[in-house]
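One chain comes next, on its own, written as structure tokens: the form predicted on its own.
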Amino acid sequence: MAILVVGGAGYIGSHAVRALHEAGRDVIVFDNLAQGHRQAIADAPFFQGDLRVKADVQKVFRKHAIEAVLHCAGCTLVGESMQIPGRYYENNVSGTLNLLTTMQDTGVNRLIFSSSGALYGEPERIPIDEEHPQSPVSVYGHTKICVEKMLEWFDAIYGLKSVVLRCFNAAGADPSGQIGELHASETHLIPQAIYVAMGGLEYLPLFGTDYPTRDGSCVRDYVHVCDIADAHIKALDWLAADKPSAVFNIGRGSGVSVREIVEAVQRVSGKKIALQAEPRRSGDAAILIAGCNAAKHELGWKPRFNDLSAIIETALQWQTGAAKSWS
């Protein structure tokens, strides 16, 4: 019996695959390689398919004995979701429905879902706990709510158990430097800042300078991708112990502004980063900081990478090393 990692060649998925291997688990990777990279999963058994094509999903379940699923696939860019919402509902919602109905048909009843803190929207209180109202300000955030509601009904009707991990801003790379974050068109802050520091970009766009924060830029909770992967392992153990479906925030519980990230990248890289002020992006909340007590107390999870500079150092090692050889 193996763990199926959907989106396993992507950023979070590939780190979850590595963590599963290190934990001695058998893994099958399912990915369409639209955003993922075959190199990221080394010699893990791989099935190239698309969640939007139900026949692809059914085929991997027929071919392999699967005991549980880690669902890390989907479109993830807040700004893009406000420009082409249909792509987000098709990939994130319809694709997940294909996965859930196939799981139900084949008797696979354990799922770990990588959700997002983006579903909370503008916070009414900080830190944001799991009971906080959900009022997303982006299509991306709303697709996460849609999936979470589907999971509730599939549990109530079919007994399909799930753990939802509402991950805040994933950052960093595996300390080995062998895998990390790499997108064809990079929009995430830390890798973009590193590109500017390396001379690959002329400047870093600063989207919004008048947010109600300490320096006018957005504040986010950056959590190391390996800590997110570890949360997935602990969530699998939770379901393996026949515990009920649950929802957990995954973050460091502290916020860092865009300007503070830039300062940290400058400090770690020793390079100056030019900024260019741009208008706010549609769908960006001012502050998102996770309340993570439930994950710590119930799952026994806690982040190992608590220092921002250490997180950035792993990202810099990746971007200046192995990432250059990837297509």
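What you are looking at is a predicted structure, and each value in this text was computed from that prediction instead of being measured. Residue numbers here begin at 1 and follow the sequence given.
The next section is about a form of this same protein that is not shown, the form predicted together with uridine-5'-diphosphate (UDP).
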When you measure heavy atoms, are Ala235, Val247 and Lys296 every one within 4.5 angstroms of uridine-5'-diphosphate (UDP) in the predicted bound form?
-> no
Quick one: is Lys243 in contact with uridine-5'-diphosphate (UDP) in the predicted bound form, heavy atoms, 4.5 Å cut-off?
-> no
Could you confirm whether Thr96 comes within 4.5 Å of uridine-5'-diphosphate (UDP) in the predicted bound form, counting heavy atoms only?
-> no
Quick one: does Leu206 come within 4.5 Å of uridine-5'-diphosphate (UDP) in the predicted bound form, counting heavy atoms only?
-> yes
Non-hydrogen atom contact Val27 with uridine-5'-diphosphate (UDP) in the predicted bound form at 4.5 angstroms = no
Contact assignment for uridine-5'-diphosphate (UDP) in the predicted bound form, among Arg281, His64, Arg52, Lys302, heavy atom within 4.5 Å | Arg281
Interface check vs uridine-5'-diphosphate (UDP) in the predicted bound form: of Val139, Leu160, Leu189, Leu239, the one with a heavy atom inside 4.5 Å is Leu189
Which of 198-206, 121-129, 99-107, 149-157 sits within 4.5 Å of uridine-5'-diphosphate (UDP) in the predicted bound form, heavy atom basis = 198-206
What residues, if any, in 232-260 have a non-hydrogen atom within 4.5 angstroms of uridine-5'-diphosphate (UDP) in the predicted bound form?
-> Val258
